[in-house]
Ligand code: 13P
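Here we start with a single chain on its own, the form predicted alone, put down as structure tokens.
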């Protein structure tokens, strides 16, 4: 019989307080200014044999530019695959730092640039490598599975790296082999995986500042206002929010739900940057933001990752002009961190995920 084990003595863990930056206030761009910036960037990408890889949570104009220039707009799993397979000598990663590090780990011979190196992630910051390594040492008989939203050092300490899109099948695979899982850093995603697979798991107590703010009571009220709407929830959200979902899944899974489901209206509980892609795949459908207000709410993120917001056309152009903001991962660290990432990619290829 599997048991729900946390195994966490908070007094023994040194978990840093995550300082949430203010949402960047970029100057408003006219249509002409946007076109000019995108044109300049496209020329520089071609001149430098570079390709732009953007996450679904970044500014819609960056997503559009990546599509228009032969780059990639995707979740972190597909970003990792694309960057590894693309022949470009330089990868421009519009997202957060762990995504740039992952690109560098998989393509250590390529130059990897980011619009802003300070664009991090609350899950990454909340799981420092020294404390995490000590935590793992307490459970030497557990298979260490870490979410992609972690540093290169934490990945190097793991057996598997997963994204939200492939976490369930990998956990099922490990549970079927009778392996016990040490999971980090997102406790909500870990809890969801455990409930769905029955795996025996120990959790690091991290969470995403965006998804943790969705409120179940407020969501229930919105559902009453739109009884025909389908509720789409990212599994980094709290259990009470996930319980109300019609679809729980990665960013790609939620986009596909909007495209393929018969409903005309969707209540979406994830970063609102995803609406750019959703509107492109299903322009006739209505999208409603899941609420972040209600009892205990602070609206520190208001369903918008402040670190993703650090990416813009303006600083992307500057990076291409100056060649700064390069990601470096030492060769030895990259070699160790690549093992669990490649294990995930090989599993995804083998199982067709």
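Nothing here was measured: the structure is a model prediction, and the numbers come from that model. Residue numbers count along the first chain shown, from 1.
There is also a form predicted in complex with the named molecule; it is not shown, and the following applies to it.
Asks: For residue 234, is any heavy atom within 4.5 Å of the named molecule in the model of the complex, or not?
Replies: Within the cut-off, so yes.
Asks: Look up in the model of the complex whether residue 211 has a non-hydrogen atom within 4.5 angstroms of the named molecule, and give yes or no.
Replies: Residue-level check for residue 211: yes, a contact with the named molecule.
Asks: In the model of the complex, is there a heavy atom of the named molecule that lies within 4.5 Å of any heavy atom of residue 102, even though the partner is absent here?
Replies: No.
Asks: Just to confirm, residue 251 within 4.5 Å of the named molecule in the model of the complex by heavy atoms?
Replies: Yes, residue 251 lies within 4.5 Å of the named molecule in the model of the complex.
Asks: When you measure heavy atoms, are 143, 158 and 183 every one within 4.5 angstroms of the named molecule in the model of the complex?
Replies: None of them does, since no heavy atom lies within 4.5 Å of the partner.
Asks: Out of the stretches listed (243-251, 190-198, 257-265, 278-286), which one is close to the named molecule in the model of the complex, meaning heavy atoms within 4.5 Å?
Replies: Selected stretch: 243-251.
Asks: Check each residue of 136-151 against the named molecule in the model of the complex and list those with a heavy atom within 4.5 Å, in sequence order.
Replies: Going through 136-151 in order - heavy atoms within 4.5 Å of the named molecule in the model of the complex - the hits are 147, 149.
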